[in-house]
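A single chain comes next, written as structure tokens; it is the form predicted alone.
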């Protein structure tokens, strides 16, 4: 497969995702192994009229060196200038483009998972605030690379694996259409319509039932469903995730109860969490186990008081392009759009009415993990307690 899709993906990120405007500063976040797409994004951003493209790199091998050797009491320190940079991007109403996809699978396998979990970089609270305050127009797009390809397709040779991953990315990002930007506008409209229908339904809670899962997630009376795109605080439209296949809302952080088993692995800043199981009582995660990577997850959930409560619940049906492929990408951007999911940590203020916004969950983290699939039924719980099927075998019933 040739690389003609690289400029197309970059153009989609700039025009269809972040919606970069003339005169904007563009913050581009990436990792070693993603250089080629990063450079194409820079080209596309300057063609769109960007004033300056500011590239920031996060190297997981440097993070590994810190986990191995840094003094214990320094591991959770983050340079204050990173936070100041994020705040300045918000003040400038900048555009933000991030590239996703593992570039060094297993890089932390020989490190103490507790030490790794204490270093949450490149995530910082100030960046989370940019998203929650709608102060920037932003997007995240996947970037195929050889290490990621070998992780997803271990039985193929290096060239064949990379080709297969690139083909999958082209498909799920709709780069195989005549006009990918327009294709995502149309898909966004479909998701927005689904969100509007759900918002009109009298749903007091969602009940997830499946293998290892019996979980009830309570909603606010004013919870509203979102999907298909967002708007900056001044009204500028942008598409935060490419691809996106979800509709989501903000739950009541005090009303999650039961047990849930993740249906896909979770890549947590370079640590793969597999077989995750969580028990909730009164909204709080009180028991966390996993087949692999549990210490990393426990460390992330100990970040602050809100890190063990839910800030998002999202539904994904089978009408998108990711789930039907049957590929586990081991990347949250893609896997969360293959299956319904929940997120621990910060809530999206736009997903709840003003009268309940102060009660929505507050945290410095936001960690999605996948809990849906063909064997998981989602039921809508009405205010009177009656339940009716909402999502069955990948199809909405209403």
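Numbering follows the first chain given and starts at 1. Just so we're clear, the structure is a prediction, and the values are computed from it rather than from any experiment.
Here the subject shifts to the form predicted together with another copy of the chain, a form of this protein not shown in this document.
Residue 43 belongs to the set of residues with a heavy atom inside 4.5 Å of another copy of the chain in the predicted bound form.
At a distance threshold of 4.5 angstroms between non-hydrogen atoms, residue 51 is in contact with another copy of the chain in the predicted bound form. Using a 4.5 angstroms limit between non-hydrogen atoms, residue 247 is distant from another copy of the chain in the predicted bound form. In the predicted bound form, none of the heavy atoms of residue 168 sits within 4.5 Å of a heavy atom of another copy of the chain. Judged by heavy atoms within 4.5 Å of another copy of the chain in the predicted bound form, the contact stretch among the candidates 369 to 377, 346 to 354, 328 to 336, 65 to 73 is 65 to 73. Think of it this way: in the predicted bound form, another copy of the chain has a heavy atom of just one of 79, 157, 318, 106 within 4.5 Å, and the residue is 79. With the partner omitted from this view, the residue of 255, 194, 85, 224 that lies near another copy of the chain in the predicted bound form is 85 [heavy atom within 4.5 Å]. For the partner-free chain shown, 25, 32, 35 of 22 to 37 come within 4.5 angstroms of another copy of the chain in the predicted bound form, judged by any non-hydrogen atom.
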